[in-house]
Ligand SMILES: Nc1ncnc2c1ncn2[C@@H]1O[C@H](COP(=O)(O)OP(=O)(O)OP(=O)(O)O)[C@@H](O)[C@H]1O
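Shown here is one chain on its own, the form predicted alone, set out as structure tokens.
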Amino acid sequence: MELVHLRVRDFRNLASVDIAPGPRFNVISGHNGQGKTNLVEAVYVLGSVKTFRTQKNRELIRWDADRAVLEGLAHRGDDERLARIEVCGDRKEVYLGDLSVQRLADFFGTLNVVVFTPDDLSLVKGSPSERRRFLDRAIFNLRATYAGDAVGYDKILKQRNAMLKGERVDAVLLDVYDEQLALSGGRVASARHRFVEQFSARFAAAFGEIFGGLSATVTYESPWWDRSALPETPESAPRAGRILDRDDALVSSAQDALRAALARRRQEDMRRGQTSTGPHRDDLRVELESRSARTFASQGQQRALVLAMKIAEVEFFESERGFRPILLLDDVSSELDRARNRFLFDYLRAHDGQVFITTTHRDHILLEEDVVAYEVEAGNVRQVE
């Protein structure tokens, strides 16, 4: 997959950008606050419709403009698609060519991207919500309909919590919420479990290459769901469709378990005024040498673990979809130590795929060939030799 043309108008501080990115490495340099991250964010929004930085659409529009326009021409094999997103006030309008997209599921997959930012480097040490967000983004990249399950679960959860916080709880309505929560939550949890089950081997292998001599594992923790009796996905199973397709038996198991957990915790939830169990409380457990990496890993080991997670995410995507996503690296090289940074660029050179890299210091970027370089200053982007 390749983004061959990018046009940006009035997006954050970028008034007007019109570039033809290179097929391999696009290095975007400049001082802090000039708009480097805004440029890679524009590419991310073209692929995901939402951003990795804010939930407020109005913040995406340049301060003196009434709308932002993002347009990208994407190639994948012989297929060519023109994606356009217009941000107007609090809403986004999505187009493929000149046609308005009514169902986002028809748009997703036009441009597949994986982003790696300095914030991701706190993934191991940070809160469970950060790790859940990592899982949800990775799964959504593989199966666009997963977004509907995750958003649906959050909506019902908010409604249930609002009633639990009220002066009176309607038992009949609570039954309805519990059933809806079990159905959508079971789909979310089963997709996460299935992803982690198959992601873990790639993660362990990547970490072994980065930090030889130590072993690392990831597991999906959902205390309300006993998965000990579930069969593991056999290694001989076809690669394509593992995550793209739902496993009905797995979904049913998760739904039954969540239904029972909600009933079991109902009185406690009513007392506390919030839902105390479900996918919104789950976690991705990262272990180093069979010990919690969050507690026992050094800072260097934690960053190596996160780097391994991102590499495994890209490789897992390629194994599922048959092509590599566009990789967006937002100033992570300056946050990695010398050995990890060298490994990252050795890895990038050894694997095909388009990459966008931002940096404040060109010396951090260990690339000499196949590079298209840009400089960003005060929202102006220019290509340099």
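Everything quoted here is computed from the prediction, not taken from an experiment. Throughout, we count residues from 1 along the sequence that is shown.
Another form, the form predicted in complex with the named molecule, is not on view; read the next lines as being about it.
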| item | value |
| --- | --- |
| Candidate spot R264, G273 and R281, all three touching the named molecule in the predicted complex (heavy atom, 4.5 Å) | no |
| Candidate from I61, L327, L336, L344 lying within 4.5 Å of the named molecule in the predicted complex - any heavy atom | I61 |
| Residue (of R24, R9, H364, R12) lying close to the named molecule in the predicted complex, criterion heavy atoms within 4.5 Å | R12 |
| is_contact(R53, the named molecule) in the predicted complex, heavy atom dist at most 4.5 Å | yes |
| Residue contact check: G35 to the named molecule in the predicted complex, 4.5 Å heavy atom | yes |
| Heavy atom of R349 within 4.5 Å of the named molecule in the predicted complex | no |
| The named molecule contact at H31 in the predicted complex, heavy atom, 4.5 Å | yes |
| Contact segment among 316 to 324, 336 to 344, 349 to 357, 35 to 43, judged by heavy atoms lying within 4.5 Å of the named molecule in the predicted complex | 35 to 43 |
| Sequence-ordered list of residues in 258 to 275 near the named molecule in the predicted complex, where near means a heavy atom within 4.5 Å | none |
